[in-house]
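Take a look at this single chain, the form predicted on its own, given in structure tokens.
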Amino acid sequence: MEFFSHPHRRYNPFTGEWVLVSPHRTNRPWQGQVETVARQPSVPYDPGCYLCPGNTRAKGGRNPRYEGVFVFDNDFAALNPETPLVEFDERGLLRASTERGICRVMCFSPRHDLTLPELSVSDIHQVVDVWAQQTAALGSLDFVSHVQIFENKGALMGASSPHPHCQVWGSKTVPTEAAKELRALSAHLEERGVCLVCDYVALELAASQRIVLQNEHFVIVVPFWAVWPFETLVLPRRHLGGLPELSAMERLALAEALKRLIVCYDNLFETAFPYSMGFHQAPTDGAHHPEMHLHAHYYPPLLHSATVRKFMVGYEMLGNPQRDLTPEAAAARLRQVAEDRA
């Protein structure tokens, strides 16, 4: 579209929010902060790592000598299942309520020096299986209405350890970002009688401009409204609400798609690409949620190279998100990247 070459706003139907796109700024000189490229671990076992097999954690617990995926309750959890229920409200202006929940850490592998794309598809398939198991297990607890799986990869995204791991949090209430999506997806279903994500997948398949990769069961796109430079959405072709509903073939296909995506990321700037990612899935509150369609968000911060990242400051904090590189250009660059590790 011709107007894509001019400043314009794009609407995010998942949240009801807007992003400003300024494609004419892509050639501006960069004189901002340049990051130091973090060194990747070079040893398969680190005696000082609290996530490695057999090691003692900060609060004294000892990890078993695990050989596959390992899950344990976070020693410094943000949520507690024993929190007493208390409400506070002063004239509707000062409001607070206690929150119950549980937080777990999930190690992808006993190997300290392997990130997710360096694992085999079979190993990542095991990770997907445990994601589904943890969703079902935490979702069955009477004080959990929402299960959030997320991974912060790299020191740039605040990862506390380079050992390959993610976190699984179960909370009593649906958190803000997931709640925004639920409202938008519910409104779309009520107004149009169809799933918003199913609608969107069909549009992207027809347009093909923003597709990064796909297989029989999943499509990965740079969303039309992407905020981060190389942000992607992982979308199942079939309508389903959560990870436990994935068939055996879909779990294998998800593992294969995730490996391909993160290899593309790593090869784009020839670095272990940092990101925050997470799945949004149906609440586990016992209600029926036909509006929810399982999907995953990847939010990588790198902008021009392995040492230059996007900052959300100024206008983004006070106005709305803004980007220079169009989602179409970002998708094209990711497609061009060889999927074999260098």
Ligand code: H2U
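Predicted model, so just to flag it, every value in this text is computed and none were measured. In case it trips you up, residue 1 is the first one in the sequence shown, and so on.
Unshown form predicted in complex with the ligand; subsequent notes refer to it.
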Item to complete: Identify, from the list His165, His146, Arg260, Arg100, the residue with a heavy atom within 4.5 Å of the ligand in the model of the complex.
Response: His165
Response to the item:
Interface check vs the ligand in the model of the complex: of Ser120, Ser160, Gln209, Ser186, the one with a heavy atom inside 4.5 Å is Ser160
Worksheet item: With the partner left out of view, is Val43 within 4.5 angstroms of the ligand in the model of the complex by any non-hydrogen atom?
Response: no
Worksheet item: Would Arg57 show up as a contact with the ligand in the model of the complex if we use heavy atoms at 4.5 Å?
Response: yes
Worksheet item: For Tyr66, is any heavy atom within 4.5 Å of the ligand in the model of the complex, or not?
Response: no
Discussion item. Taking any heavy atom pair closer than or equal to 4.5 Å as contact, tell me whether Phe88 reaches the ligand in the model of the complex.
Written reply: no
Worksheet item: Where, among 282-290, 66-74, 310-318, 295-303, do residues come within 4.5 Å of the ligand in the model of the complex by heavy atom distance?
Response: 66-74
